[in-house]
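One chain follows as structure tokens, the form predicted alone.
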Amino acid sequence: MLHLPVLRRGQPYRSLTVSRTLDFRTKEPFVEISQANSGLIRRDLLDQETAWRTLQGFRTEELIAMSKRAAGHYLNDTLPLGDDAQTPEDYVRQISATTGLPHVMVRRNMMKIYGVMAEIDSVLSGLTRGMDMRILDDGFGMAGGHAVSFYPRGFSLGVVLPSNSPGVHSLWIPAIAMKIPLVLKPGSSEPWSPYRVIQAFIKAGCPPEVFGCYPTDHGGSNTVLQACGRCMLFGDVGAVKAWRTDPRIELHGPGYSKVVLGEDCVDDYEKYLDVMAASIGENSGRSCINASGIWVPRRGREIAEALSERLAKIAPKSADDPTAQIAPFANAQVAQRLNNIIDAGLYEAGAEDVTKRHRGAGRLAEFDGGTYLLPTIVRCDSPEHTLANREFLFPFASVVEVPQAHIAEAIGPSLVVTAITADEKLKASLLTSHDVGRLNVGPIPTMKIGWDQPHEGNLFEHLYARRAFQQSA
């Protein structure tokens, strides 16, 4: 059986305590993962400054070049995996076996991770608003005609990662080019990507000691969050709630992303069905930037019917089928629990599972050893309904009617909003909303990301603070 070690300052460490992750189809143990306890993590993190100083010995242009080389290694090379080796095809099959993602979706996520490393110049330009990165090397410089200087808010970035989709790992990768070491707690079902990215960076010439990777339990995750100067936390509502008041931690919970159609475009909704369906269904609905709501001033019933008819055609397929569009749940109990939550919401007046009329089967389905939740469109009569603003890890969206003048206020916190409108008042209300994290104006799927735009939060501003700086002539 494969064994994944803890990485302590980049060096493999086999623990006496292990966890075993199953192949979701066969239910047989697939990989054995060494576990780091809280004491080991705390001991390793007593000295974070040494690794930080190691990265300070490199110019940012060198680290950018490493990132670009690492992109090729990650995508194409055979890399170490504990005592074994991992080809790119091994990586695809391993992620699929433990997360349920079909191979075609894993490869798309690979390209997302590859892209952030290969396009690191554009990523850093977006995060720093075009700042000359040599300012980090020299400690100060000129930006926008003014002298500027930045200092790190901490000596490392601790990241508690999820298991839902590999693409999320693109968010922490730029930290290396910004001279900040990484302390990663991988998801139990998706440890593969952190290990592979780290090995790609090491092969590209990055010092191993700037990486820590600690598979661990809930207590160990808390230790990472407590000990690191700056952190990212990915999780559900309950997981992120406990840390909401800690400014050191950038929280990545449910996205509640949405597509909004204005009065000027809603009558032409058929033109935008492709955008809405892609926003809901791509990556099997597992991303926080998948749309979980379609908000319109009217014609909600017709839009729900049209989307349901289209999405109901999506059916489970084998993991290696290149046309697969939906992924099973690695844990069947999670699928059953989510199905029960949706059904409970439908018992309340004012909501209808429109897809039910089109798919000819129940929402919960079994295929080839996997448990699926089939695409679901729910039409809600009111934005106050239980299901009007919910997010689930499969292609699910509510269609909600709200008068256009109230849409910006009614949609609530939304990671991404695609606003299909030319109405200046609607655009202005969304532009000034503190609830909208990223705004796409026009028929742009919520899933479409530009390398020059921060995806969620701003990693540079999270890792660095600007100081007042003057220098005599």
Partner chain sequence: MSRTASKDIATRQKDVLKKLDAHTVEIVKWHFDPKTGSPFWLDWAKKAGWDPRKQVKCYADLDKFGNFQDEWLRGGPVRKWVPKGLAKEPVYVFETGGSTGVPKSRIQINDFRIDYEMFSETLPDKHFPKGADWISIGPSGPRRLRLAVEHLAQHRGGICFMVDLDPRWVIKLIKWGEMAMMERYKTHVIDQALTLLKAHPNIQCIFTTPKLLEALCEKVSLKKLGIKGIFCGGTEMTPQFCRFAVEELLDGVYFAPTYGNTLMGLAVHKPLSASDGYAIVYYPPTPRAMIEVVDPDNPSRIVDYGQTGRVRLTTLTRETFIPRFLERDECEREKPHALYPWDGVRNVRPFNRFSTSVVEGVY
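Treat the numbers as computed from the prediction; the structure is a model and nothing was measured. Numbering follows the first chain given and starts at 1.
The form predicted together with its partner chain exists for this protein as well; it is not shown, and the discussion that follows is about that form.
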Inset, instruction - Could you check which residue among A242, A344, A147, M111 gets a heavy atom within 4.5 Å of its partner chain in the predicted complex? - result: A242
Legend entry - Option touching its partner chain, based on a heavy atom within 4.5 Å in the predicted complex, out of M447, L40, L439, A410: L40
Legend entry - in the predicted complex, segment of 317-325, 267-275, 177-185, 230-238 with a heavy atom within 4.5 Å of its partner chain: 230-238
Inset, instruction - Please check if S287 has a heavy atom lying within 4.5 Å of any heavy atom of its partner chain in the predicted complex. - result: yes
Legend entry - in the predicted complex, L338 touching its partner chain (heavy atom, 4.5 Å): yes
Inset, instruction - May I ask you to state whether R14 is within 4.5 Å of its partner chain in the predicted complex, using heavy atom distances? - result: yes
Inset, instruction - Answer with yes or no whether G253 is in contact with its partner chain in the predicted complex, where contact means some heavy atom within 4.5 Å. - result: yes
Legend entry - Residues in 112-144 close to its partner chain in the predicted complex, defined by a heavy atom within 4.5 Å, in order: none
